[in-house]
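Given as structure tokens, the chain that follows is alone and in the form predicted on its own.
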């Protein structure tokens, strides 16, 4: 069986960023990866402008506090000055408005006194360039603003608009097909009969895929029948970059997923890993329409599916979407209570993180097994435990993977 590290290498070695696409600039670009270089198409600001409300003046006229200046005009943002500032003159100016010719400082309105006439008393001795932002101080035409690989945050979207980018080239988001399997499954809208359970894995995996940057779509429920499985597997391979199956990958007589995948032309690169919860994880690839498809067979137990997704599928989806930061964020935390475990393989145990004055505290979650999804409601982290007997006292430092990152 492969180690966690070896399994991840197998997956990521066969994953590569998808091609770019051009989309209109909108909030839908948030969190996506830029696929082009973006340069400034103009100087910013395009003119010398004021950064405060006040009066544009000549410093030579304001060497003494209390000097009275003639106000020649008022300049608002978006209006071009019509009169230069001469000796003994000033212009009333608003934030963002262009600086008139002849002015070399702005005195804020709070440091002036106007008496309702066309004159203003200056109660300040301004410094050179005071409250003036010169043309091109923020950016010059041709400056590189953003580079390929940049993840778009709100400020990057603002810069794209500043640069006049009404359309932007981004790495495609991976399309993800999700197929839950098993004769025992029914939809959430139905009432279970004897031996039946509601399909919780598909909506859970759909949400995880969306959170990881994918475009998920459910294929329905695949029954424990080769014809049913093959038809839905083929649909997933034809329409999506990634196919995720839940259930049917163990060694039972009705676990037909490995056989069905092989019949659909999927090459399995591994089937079992040294990992808990989720030993029977399957990973394979197939070619469709000249493109590589990634295929994952996850265990049917909800917690096994959840944890396998976060540890193995999340990095793959993020690589397809062009991200460089693939893994769950890791923090060092202090055990809030003693932890005693006996594991036959490396284990990713659900845990709860709490911020403390000294950093992070973590507490393992009590659960009754990998089907106990309710207990997992309390979890916001995974505590990594080595195989064998583990006895950690309270206060021991451990590595923890955050699930809210």
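Numbering follows the first chain given and starts at 1. The model shown is predicted, which means the values in this text are computed figures rather than measured ones.
Another form exists, predicted in complex with a small molecule; not displayed. Remarks below refer to it.
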- Where does the small molecule sit in the model of the complex: which of 105-113, 78-86, 322-330, 239-247, heavy atoms within 4.5 Å? 239-247
- Message: Quick check on residue 259: any heavy atom within 4.5 Å of the small molecule in the model of the complex?
- Response: no
- Taking 4.5 angstroms as the cut-off for heavy atoms, does residue 214 touch the small molecule in the model of the complex? no
- Does residue 200 reach the small molecule in the model of the complex, with heavy atoms at most 4.5 Å apart? yes
- Query: Quick one: is residue 180 in contact with the small molecule in the model of the complex, heavy atoms, 4.5 Å cut-off?
  - Reply: yes
- Message: Within 4.5 Å, heavy atoms only, which of 185, 308, 90, 294 is in contact with the small molecule in the model of the complex?
- Response: 185
- Task: Select from the listed residues 98, 284, 299, 126 the one whose heavy atoms reach within 4.5 Å of the small molecule in the model of the complex.
- Result: 299
